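Coming up is one lone chain in structure tokens, specifically the form predicted on its own.
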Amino acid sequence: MRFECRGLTFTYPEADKPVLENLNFSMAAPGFNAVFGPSGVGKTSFARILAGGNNGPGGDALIYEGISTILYSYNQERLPGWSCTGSHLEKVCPPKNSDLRKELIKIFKVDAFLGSRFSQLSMGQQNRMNLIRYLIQDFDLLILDESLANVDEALRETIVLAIKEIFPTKLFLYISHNLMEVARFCKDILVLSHPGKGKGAVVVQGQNYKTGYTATPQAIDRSMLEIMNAV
């Protein structure tokens, strides 16, 4: 299972310059990969193009092998408010994933909010609840676009490590502004810079820590430096 970009260039209608220019790289499952770069560099644009598949704006520049279902979750995405969040999760969860739903609810620490409506939750609670509804569905590639924003650092680490452990064969693309987090927990990190810098797509290797890891500060510093040099 993998996807590849071959010369991906994208320009918004009416824009003078492309937001993405001549991206060439590939990423393969399994793994927790990332997209990193400064604000406005095109991370979300890339995520949406990737989620669109071959029939989207990426067209023939995107090649997918073994990937038929791509899901895209993003920060501040909202659930319908006509029922409590627990009922909504039950409705979208395939019966075979009922135990998985219960496990994720416990790990994400949202048990106490299942009887609340989505609008009653804090931003961090909303993001956690929203991400669960994607994880309980069938997917090959799941894009997490700042999906854990507003979640405290300790719980965010618990969630990332749990996802890697529960879904060992899946492919994830994690979009975050948190340099340390990306360097520690991701395998391949696509670093985007503004078009015109002539750097293209640079893929840096992260530390890819898993549950029970022992941090190596020197290795993390090396990955962070490589990422910053690639921006």
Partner chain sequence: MLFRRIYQFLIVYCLGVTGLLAIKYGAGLSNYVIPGLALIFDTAHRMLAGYFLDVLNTLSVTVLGQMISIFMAFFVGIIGRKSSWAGSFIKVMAYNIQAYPIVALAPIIFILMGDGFLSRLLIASMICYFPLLLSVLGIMASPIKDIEHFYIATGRMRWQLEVKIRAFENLNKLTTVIAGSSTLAMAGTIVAEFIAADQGIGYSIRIALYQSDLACILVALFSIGIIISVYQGILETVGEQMKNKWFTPKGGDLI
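What you see is a predicted model; the values in this text were computed from it and never measured. Residue numbers count along the first chain shown, from 1.
Note that the form predicted in complex with its partner chain isn't included here; everything after this is about it.
S.K.: Considering non-hydrogen atoms and a 4.5 Å limit, does its partner chain approach Val92 in the model of the complex?
M.R.: Yes, Val92 sits close enough to its partner chain in the model of the complex that at least one of its heavy atoms falls within 4.5 Å.
S.K.: Is there any non-hydrogen atom of Leu71 lying within 4.5 Å of its partner chain in the model of the complex?
M.R.: Result yes; Leu71 sits at the interface with its partner chain in the model of the complex.
S.K.: Residue-level contact is defined here as any heavy atom of the residue lying within 4.5 Å of its partner chain in the model of the complex; does Gln125 satisfy this criterion?
M.R.: Gln125: yes, in contact with its partner chain in the model of the complex.
S.K.: Can any non-hydrogen atom of Gly81 be found within 4.5 angstroms of its partner chain in the model of the complex?
M.R.: Yes.
S.K.: Within 4.5 Å, heavy atoms only, which of Asn150, Ser98, Ser116, Thr158 is in contact with its partner chain in the model of the complex?
M.R.: Selected residue: Ser116.
S.K.: Pick out the residues of 115 to 145 whose heavy atoms come within 4.5 Å of its partner chain in the model of the complex.
M.R.: Heavy-atom contacts within 4.5 Å come from Gly115, Ser116, Arg117, Gln120, Leu121, Gln125, Arg133, Tyr134, Gln137.
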